[in-house]
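Below sits a lone chain in structure tokens, taken as the form predicted on its own.
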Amino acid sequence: MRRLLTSLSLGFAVALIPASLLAFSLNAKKAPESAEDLMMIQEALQAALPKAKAATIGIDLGDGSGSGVIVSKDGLVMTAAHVSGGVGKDVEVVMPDGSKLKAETLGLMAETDAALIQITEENPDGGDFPFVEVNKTDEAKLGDWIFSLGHSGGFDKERGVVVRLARLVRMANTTIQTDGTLIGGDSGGPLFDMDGRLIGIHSRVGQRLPVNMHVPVRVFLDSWDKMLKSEFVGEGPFAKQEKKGSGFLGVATKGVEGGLEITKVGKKTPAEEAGLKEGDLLHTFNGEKLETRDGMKALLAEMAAGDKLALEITRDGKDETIELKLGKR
């Protein structure tokens, strides 16, 4: 059967018809009944794996790692909220060949563990990023054969991505459960139907290993536009939003004509890392004119750790703009 595809505003291809006849045949029986049935499962997995593996990436968080999957040619990644850890954070993604690319976390759904990340560098191989098809039809059912990928225990180029064949054993509104074992490092990785279409993202492992939970694709689609706009949706438990007033810049200033003059830059602070120097004259703070120290303190009190800040300054008679992210107070 010829698969019909359409390009939607979500930015990736979405299937419009039911799964292929092969996948239907695989799932028609409660258990394989012959060697031919097992061979059919094997052949389906072998056919789907190359494209799925090429798009499954590691996510380097600095103090930990997770997994994700690329779902668009321009490098949009679906992962778990507890992996991305917040909005507007700088992270690195690890491609299957071990190369690392800069990326930024977009929005997330803190109550359901869904998140998006955007790769901000070009594909070193040139051209489009490898990406997988997302199954928007939500047609998966209990007992279906599926397979999952992930960088179990962290990215390992020599070993490669870990593949597990499994079945769907429980389905709820915001989670699905499989009998395919997940361990640390798999979080955020992809769950596929036997056509190689993405149906979920790995969320968490229970205290007992068989408790392997995943976020269905439909949960992502429910708040897709909000996540693309880098919105923090919900209040946990999978991600905690930084509170206003927690942002830290790391400079001392004094009021002078035309703005605030920097009198000291703290060591290993966001200000120092961004290149601010003693003697710089600060004019604006995210577009707001700076006139007093108290005025800047009031603006900082409305910002959280990780928020982006643009400062218009004058240095040695030349105007420039310094962009940075606030640290945590």
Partner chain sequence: MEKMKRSNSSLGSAEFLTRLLAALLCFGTAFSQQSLETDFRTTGARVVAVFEPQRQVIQQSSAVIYQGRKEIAYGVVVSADGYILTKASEVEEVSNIVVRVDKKLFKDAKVVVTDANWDVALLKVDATELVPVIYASDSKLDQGTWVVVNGVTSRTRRRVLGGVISAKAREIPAAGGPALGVQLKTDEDRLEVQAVSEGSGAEEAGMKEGDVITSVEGKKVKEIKALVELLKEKKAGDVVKVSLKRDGKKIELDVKLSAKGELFANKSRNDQMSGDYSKRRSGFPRVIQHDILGASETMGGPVIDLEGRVVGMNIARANRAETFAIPVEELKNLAEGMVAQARK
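Owing to the predicted nature of the structure, the values given are computational and were not obtained by experimental measurement. Residue numbers count along the first chain shown, from 1.
Below: the form predicted in complex with the partner chain, not depicted.
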V132: touches the partner chain in the predicted bound form, heavy atom cutoff 4.5 angstroms: no
Contact test in the predicted bound form: K157 vs the partner chain, heavy atoms, 4.5 Å: yes
R170 within 4.5 Å of the partner chain in the predicted bound form, heavy atoms: yes
Touches the partner chain in the predicted bound form: T181 (any heavy atom, 4.5 Å): yes
T112, S72, S223, Q177 - the one with a heavy atom within 4.5 Å of the partner chain in the predicted bound form: Q177
Contact assignment for the partner chain in the predicted bound form, among L228, A252, L101, V163, heavy atom within 4.5 Å: V163
Region of this chain that lies against the partner chain in the predicted bound form, out of 186 to 194, 255 to 263, 122 to 130, 101 to 109 [heavy atom, 4.5 Å]: 186 to 194
Three-residue site H82, W145 and S152 fully in contact with the partner chain in the predicted bound form at 4.5 Å by heavy atom: yes
Stretch 39 to 63 - residues with a heavy atom within 4.5 Å of the partner chain in the predicted bound form: M39, I41, Q42, L45, Q46, L49, K53, L61, D63
